[in-house]
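Shown below, as structure tokens, is a lone chain in the form predicted on its own; questions about how it binds or moves come after it.
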Amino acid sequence: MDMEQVYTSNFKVGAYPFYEHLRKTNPIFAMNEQNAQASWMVTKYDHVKELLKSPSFIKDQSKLFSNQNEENDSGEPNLFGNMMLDVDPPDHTRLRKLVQPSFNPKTIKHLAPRIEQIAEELLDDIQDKSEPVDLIEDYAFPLPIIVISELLGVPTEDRNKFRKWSNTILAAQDEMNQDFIQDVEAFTQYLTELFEKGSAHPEEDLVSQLIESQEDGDKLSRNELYSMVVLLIIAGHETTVNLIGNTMHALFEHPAQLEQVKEDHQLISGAIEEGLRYYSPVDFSTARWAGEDMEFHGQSIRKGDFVMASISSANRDEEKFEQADSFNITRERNAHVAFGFGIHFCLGAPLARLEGKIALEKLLERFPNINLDASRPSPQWRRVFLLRGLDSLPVQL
């Protein structure tokens, strides 16, 4: 199994038995080797946590490869060159500090009434549609994109543009085809105009705050601004779309537990946490590289080797979770790593949890008889490498 197979095959369907096999036989798995550098997949829970918190595995390629992340001398905006996900301290510390206040649990809690209102409005629209309804297209996607758009100060009518751009970017793999180039150019132009508007007429939104921080000499470069907003837009909705869709999919697969949740909404928080573990919205961590030659749990890893953590595998580790392959909304010990671990722990975790909880509460309150549409083909996983999410989820209300 190499990276090309993971990208192009319908790998998602049979992934969990494959992960179990690796955990038991080859938990630090060499996927391929090229030019004397290996690519590794880490699959056991304890090893994944160690990888995600260890400073020996670095995010910034420029520390290892001189031709990576070089400054853009052309003056053209670079959407991806200064991602917070792709840097190490102290740069990571500085960038995260700029946005952390907007995503702490106390701040996020104040968004609950507005999220509830958005959910109700979307369900009003669903109620008027002919059945079956696509729970992804009509509910799981628009809810978080409206929330993050309002937080950033982006008009909600532009949300479908973001979905197209996000899908193109996430599916691009290593091939920068014409669609990718055109969508990146359109995304860049949109953000340029958004920043110009924010500079000229600042509002009480996150984009305006980031622009003001830049102007106040907080060392936020132009490309860091682009990359930060791209990250927040993509990560700010993709994870939550999958969280809502995957959890409902798991509940439909386990009708007895779905009935429990319908009867007692106090179980929804547990269902959300189990959904995060059982069908993790993020399959793999973002890239890391070995910063030095090392031994890592029996494998010799060379400086510059590519290393990634299988979040989905860690969350099904039988040595960590009792009956790990069983979906159990009343699971008591559920220390999953669906949002990562260490300094790169997902900034938006409190927001995703709140959106997921409200989304399920309002959905089951409005449509207590909701069920999967049995007349349609089984839901299919999107072929996006890093993520686990459904293309669609047709339901009868």
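Fair warning: this is a prediction, and the values are worked out from it, not measured in the lab. Residues carry their position along the shown sequence, with the first being 1.
Beyond what is shown, the protein has a form predicted in complex with a small molecule; the following relates to that form.
Enquirer: Tell me whether V154, R159 and S199, taken together, all sit within 4.5 Å of the small molecule in the model of the complex, counting heavy atoms only.
Expert: Checking in the model of the complex: none of V154, R159 and S199 is within 4.5 Å of the small molecule.
Enquirer: Looking at L351, I58, L360, L372, which is the one with a non-hydrogen atom within 4.5 Å of the small molecule in the model of the complex?
Expert: By the 4.5 Å criterion, the partner-contacting residue is L351.
Enquirer: Q209, S285, Q257, N82: which sits within 4.5 Å of the small molecule in the model of the complex by any heavy atom?
Expert: None of the others qualify; the residue that does is S285.
Enquirer: Quick check on P27: any heavy atom within 4.5 Å of the small molecule in the model of the complex?
Expert: Contact with the small molecule, no.
Enquirer: Is the gap between W40 and the small molecule in the model of the complex 4.5 Å or less for some heavy atom pair?
Expert: Because no heavy atom of W40 falls inside 4.5 Å of the small molecule in the model of the complex, the answer is no.
Enquirer: H344 near the small molecule in the model of the complex, any heavy atom under 4.5 Å?
Expert: Judged by the heavy-atom cut-off of 4.5 Å, H344 is in contact with the small molecule in the model of the complex.
Enquirer: In the model of the complex, does S313 come within 4.5 Å of the small molecule, counting heavy atoms only?
Expert: Output for S313 is no: heavy atoms all beyond 4.5 Å of the small molecule.
Enquirer: Which one of these stretches, 232 to 240, 316 to 324, 260 to 268, 121 to 129, sits within 4.5 Å of the small molecule in the model of the complex when only heavy atoms are counted?
Expert: That would be 232 to 240.
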